[in-house]
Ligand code: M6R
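This document opens with one chain alone, in structure tokens, the form predicted on its own.
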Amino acid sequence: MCGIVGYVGNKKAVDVLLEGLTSLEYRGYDSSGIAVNIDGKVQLFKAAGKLQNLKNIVEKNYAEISKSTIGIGHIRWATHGAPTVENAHPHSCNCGKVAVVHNGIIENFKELRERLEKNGCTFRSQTDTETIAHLVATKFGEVHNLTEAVRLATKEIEGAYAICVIHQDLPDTIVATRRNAPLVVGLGEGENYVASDVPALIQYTKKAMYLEDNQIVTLTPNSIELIDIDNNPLKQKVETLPWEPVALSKMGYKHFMLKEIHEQPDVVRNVLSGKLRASDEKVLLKEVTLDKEKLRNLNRIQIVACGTSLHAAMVGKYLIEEFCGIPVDVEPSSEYIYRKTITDKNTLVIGVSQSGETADTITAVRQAKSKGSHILIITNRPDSTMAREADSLVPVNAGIEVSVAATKSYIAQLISFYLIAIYMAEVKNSMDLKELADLKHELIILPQKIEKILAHTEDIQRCARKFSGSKDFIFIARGINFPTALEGALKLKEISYINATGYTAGELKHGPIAMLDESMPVLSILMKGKVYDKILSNSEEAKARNARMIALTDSEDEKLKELFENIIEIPEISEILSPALAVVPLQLLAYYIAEFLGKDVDQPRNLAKSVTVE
């Protein structure tokens, strides 16, 4: 959560900061602020609410603010303290010489605050971050060196953080550090940058250095110095950023979410590229390093993930168990980390995260790794913390996803699980070759079927308009599409705020059926296959309770017209691959409902793109 950007160089710092924060607004939008050094004095400009509110303040003071060539900025997803101007970052010390922006949670801030208050510090906010400003200022008064002050301060801080600091007496220096929160340095000519994520940097530089835990970097326009928390100098590892600035353009679409939904056919092609070439060739996963003999002897697989990634993991469980006969446990990372870690060297642990920076999942894979398990990471960010923890890696190649609601990254994760399951089945010789060839052929032509859905959205839009006034919504499915029902419900509640819930269709009669009446929409995912008749029967039970019935189906069964008020048809597909196709109209349904309701589709309230705190 939260977005951080810093700049020191020869440009107008305010322009770089605001453009960077705009690129990071998906990380939080409760409040925002910048700190710049103007004529030897650190000045703060902050606003509650969306970033535009800060831009309006800056515009009124632009002539003065634009004098500065150094600054730090922040866009907030609130943790400690309400989203107010007082709690907005940056925060400063009592003398106003130090300014700090911070992403993360300081776990011992209460103890630090009590001690600092006893020493005469006066706090203006309810945030944990303000303790950092006072602590750094106190240390600076002792050592008169900003890098050393930050180093000593972080030795007393417990928790997760990415921190950037400037000082009034050093008009050409930024000091930054991190622990369990992402931070990347951008290298330029006569200028340098720091940010919590790549999108803030890619329009300025392709050279970057990813900070590791407890590393401290000191930036000036013409130098970068890197040390560890014990003051040992470190060698810099410069990498090339993988994306172009065009990735942050809506390309004519009204919202990033709609653009990203329409990018999914190409995303599927990108995931398959180099991994699945033809139906009669084996899947190639070059970055999966697990020894094939060990793979054959695996007795258990654990998958940890959060949110949308958790739903992809649930499909992955079904696939691996179906194809390989290996028992698979799927658990939310936030639960996994707070119980005894029961895993060993014969267990494969798969961590799934779009950003690769999900705090709970990072902790989960580290716990499993300490027990000797092989760690396989599925992520959209091969430059992320989780990717660096991996023994094996499956990058999903979805490109930058700006909208908070995950769409193209979800389908990329799904396809990655299909590839992993097929790869494992081929190693174990656990599937019929003809069945494997048919599945691989269907994967190869899947993008064309998604394109058919995207080319004809009229039925989905009509359905969305009809049901946009609903206060509640139920999604039902069975088998491999139960996670699809959960994902469809999650997308709807995320961006429209309608109370949507996914159920296994067979569980409807075990309690939830009590909620059904003439005001309750029930969307049945009816894909042809072994559970089709059972879901149809469950749908009839719901209809008998006067529920308003919607079908999502690849069936042309005429009797569906009598049962369902609305039918969303999709191309025919095998049941085992249907989750990768059925989710697309559910994404569109959620999108159009939210749009009809006038909601902020790309930046839904209370949410952030990546959850970097536990």
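No experiment lies behind these values; they were computed from the predicted model shown. One rule holds for the numbers: they count along the sequence shown, beginning at 1.
Omitted here: the form predicted in complex with this ligand. The next part is about that form.
From the list 303-311, 130-138, 450-458, 415-423, the contact stretch for this ligand in the predicted bound form under a 4.5 Å heavy atom rule is 303-311.
Using a 4.5 Å cutoff between non-hydrogen atoms, Ser355 counts as a contact of this ligand in the predicted bound form.
Proximity of Glu494 to this ligand in the predicted bound form falls within the 4.5 Å heavy atom cutoff. When contacts are judged by a 4.5 Å heavy atom cut-off, Ile350 does not count as touching this ligand in the predicted bound form.
Proximity of Leu443 to this ligand in the predicted bound form falls outside the 4.5 Å heavy atom cutoff. The contact residue chosen from Val365, Leu219, Ile261, Ala406 relative to this ligand in the predicted bound form is Ala406, the criterion being a non-hydrogen atom within 4.5 angstroms.
Just one of Leu508, Leu490, Ile400, Val330 comes within 4.5 Å of this ligand in the predicted bound form, counting any heavy atom, and that one is Leu490.
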